[in-house]
Structures are given as structure tokens and as C-alpha cells.
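Given as C-alpha cells, the chain that follows is alone and in the form predicted alone.
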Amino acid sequence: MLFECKNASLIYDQDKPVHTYAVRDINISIEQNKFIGILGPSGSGKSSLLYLLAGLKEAATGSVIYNGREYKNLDEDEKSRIRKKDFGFVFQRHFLIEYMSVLHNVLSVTNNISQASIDKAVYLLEGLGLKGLADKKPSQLSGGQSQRVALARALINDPKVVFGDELTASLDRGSTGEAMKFLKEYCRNSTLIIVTHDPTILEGADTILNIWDGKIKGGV
């Protein structure tokens, strides 16, 4: 099993008399090479669940296990190495480096500027509808184009797991369909975990986890 959550809860304001549960008593298992959707409205806890799975937040109670290793038993350096080696992230904010070109933003996570890496980055950009934009700066892009650059950056290292948090929020309907089609084809040998409020982008998902008020309401 690639991921397991066992009675996992994420609590904010733990030092205050009244605790705020971001997610509560999560029990899920995720196998390798699956497309998983986490679906729910704003404030439902879906992003918090993604942060738990990715080891970006630590469970206040219960356990979160990646590839047989419980995050609580790993130090920050070990968790950082896992994220760098195994995971690719696309967040709602693009976090592009303004002084770098689009191409070098994609390559920024590789520590590799070989011709093979450049060719791969160009392939990803073109596959995501960004042909001819490799030399542009982020300030010259639309929000949707910036989001697709961030997606190319997440894929450049062929991660075992791709985490997407509302990764199509800046895209129009046509671009969303094209980006998701490319993503699903490219990640056939990876695990894809997508957080969204839009069920239409989860077509073909192996499992959809419906979350409401911090609790899983069942899968489809």
C-alpha cells in the first residue's frame, strides 16, 4: 500500500481551549499508480488531507504512512528528501520564480540543465499547450499559462506521486480538459492525487473521496 491514514486528524489551535479540526478520524488506503480525487467544497478539509498525505502537515492524532514509513517517525530532512525525490506538487498559487524564464522555472527542481532535460521540459510545455513560451518570463504569462508551467515543473522529475491542489482553478474549460488529458496520460505509471471542488475534472478517477466538514463521506 502506498499511503495509509489510520484515524488521522489535523488540528489547528491545539494550544487553545477550543480545537479546530481541519480533518478528523481519516481512515483511507491508496494503492500505487491510481488516480485519486479528493472532492469537496471550500473549507471542507480537502487541502488539509492532501497536506497530511504529502507530509507537509503532521497528524495531531492517528498516523499517516507513506510506502511503509510513518511520517511521525521521520525527521524533517528525511521527509524533505521523500518530497524532493518522490513527489511533484501543483498548488493553487504558482510559485514561479519571476526572474527565470518559463523553461528554467520548469528545470529549477531538477538541478540538471542537460540537453535531455531541456528537451523533456520543452516536451512537457508543448504537451500542456505552451509551445513557443519557453523563453518568456512569468510576468508575461496569463494565470492559466502560469498554472500549466507549474504543472510541467511538477512532472519534470517523473515523480511517483503527483499532488494537485485545485490545479485547474486558473484554467478555462477547454484548457482544463486538455491539461487533465495530458496529465492522466503522462502519469499512467504514477499515483495522481487531485484536490478539487469540480467533479468534472475527476473523470476516469479510480477513487473519489468525498470530504465534508473534515470527514470522509464515502468513496465512489
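Residue numbers here begin at 1 and follow the sequence given. The structure displayed is predicted, hence computed values, not measured ones.
The following text describes the form predicted together with a small molecule, which does not appear among the structures shown.
Peer 1: Ok, D25, D198, D13, E203: which has a heavy atom sitting within 4.5 Å of the small molecule in the model of the complex?
Peer 2: Of the listed residues, the single hit is D13.
Peer 1: Quick check on N189: any heavy atom within 4.5 Å of the small molecule in the model of the complex?
Peer 2: Close contact is absent here: in the model of the complex, N189 is far from the small molecule, nothing within 4.5 Å, heavy atoms only.
Peer 1: Is G43 close enough to the small molecule in the model of the complex to count, meaning some heavy atom within 4.5 Å?
Peer 2: Yes, G43 lies within 4.5 Å of the small molecule in the model of the complex.
Peer 1: Might T168 be said to contact the small molecule in the model of the complex, defining contact as any heavy atom within 4.5 Å?
Peer 2: So T168 does not count as contacting the small molecule.
Peer 1: Only one of 181 to 189, 155 to 163, 27 to 35, 46 to 54 has heavy atoms within 4.5 Å of the small molecule in the model of the complex; I'd like to know which.
Peer 2: Stretch 46 to 54 is the one.
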